[in-house]
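Below you will find one chain, with nothing else, as structure tokens; this is the form predicted on its own, and questions on how it binds or moves follow later.
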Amino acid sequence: MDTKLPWPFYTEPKWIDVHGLKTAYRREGAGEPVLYLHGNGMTRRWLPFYEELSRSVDLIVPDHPGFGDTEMPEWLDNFSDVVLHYAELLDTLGLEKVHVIGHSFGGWIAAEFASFYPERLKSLQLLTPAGLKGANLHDSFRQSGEEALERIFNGGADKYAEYTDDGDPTESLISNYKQQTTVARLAWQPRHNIKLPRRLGRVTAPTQVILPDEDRILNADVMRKYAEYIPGATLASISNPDAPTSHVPFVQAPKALAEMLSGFVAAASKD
């Protein structure tokens, strides 16, 4: 992938008009189409983990409305708007069915999408997913950036400077403020969807819920409930021999996680 690097992993996006919204996305690879929905952070990048995963699948990584290079539209108000946006994105790309992977906040979006459009999923994988009542261990709007980084990386943020480098400090501040504003629009109060557990019973695609060794952002016991609410869903864990995986296991174990995800995609594609 051709890159321009004002900071590590930054990559110029492709652009697509989705029902009037100029949407940024990055896409590489071949094979089964996989829609990857990112969490609240590390946007505008093609991460080493994405590169690993794209070796096995056709990987599509859009910036959510109001995140990264995609501007916040005036109509964005709640999760149903995001769900409709992704249905329209798939229509625009000419994709009837895809495999969906969602991380954290993106896992919440993926779960909502799967409950509204079960017929459009070949498989669903939720990686440290948010969205259920009681999942948040801390108030993300009441912590400093340093506190957030320490919790995200389990006290080892200094080991992953290339992942936390956002380039120009002023531009980074503006970008992060935009993204937090978007999160607030979608999930200020409540910070979960009380209707989601019941709706998850509509999901029909093979589903896997993946948890790290130690998550200091979301409650593991709550995240496991996704596997109870989604019919036939299974639980898995992703570990790293060097250090316990954190809320961002794609940082500590990119190759192992990519193999796990692509393996599930391959198995689901045979059904």
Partner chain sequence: MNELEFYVCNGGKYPFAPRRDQMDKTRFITTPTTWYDDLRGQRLVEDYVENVVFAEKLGFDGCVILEQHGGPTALVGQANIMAATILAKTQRMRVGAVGAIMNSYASPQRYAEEIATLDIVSRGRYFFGLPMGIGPNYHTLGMNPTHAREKLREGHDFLVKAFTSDEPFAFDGKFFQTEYVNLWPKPLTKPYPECWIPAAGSKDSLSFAAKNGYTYVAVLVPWPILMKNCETFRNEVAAAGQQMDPRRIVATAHVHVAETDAQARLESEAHLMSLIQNNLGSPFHDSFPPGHVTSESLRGMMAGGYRSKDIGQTTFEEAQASGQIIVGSPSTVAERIEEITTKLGAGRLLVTGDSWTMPHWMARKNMTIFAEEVMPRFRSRTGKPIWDQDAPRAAALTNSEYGARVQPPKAIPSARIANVGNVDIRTAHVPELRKVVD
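Numbering follows the first chain given and starts at 1. As the structure is a computational prediction, the values presented were derived from the model and not from experiment.
Another form exists, predicted in complex with its partner chain; not displayed. Remarks below refer to it.
- Here the chain stands by itself, but in the model of the complex one stretch of 71-79, 125-133, 195-203, 94-102, 71-79, has heavy atoms within 4.5 Å of its partner chain.
- At least one heavy atom of E147 is located within 4.5 Å of its partner chain in the model of the complex.
- Not displayed here, its partner chain is approached by E171 to within 4.5 Å at the level of heavy atoms in the model of the complex.
- In the model of the complex, its partner chain sits within 4.5 Å of a heavy atom of R185.
- For the stretch 177-192, the set of residues having any non-hydrogen atom within 4.5 angstroms of its partner chain in the model of the complex comprises Y177, Q180, T181, A184, R185, W188, Q189, in sequence order.
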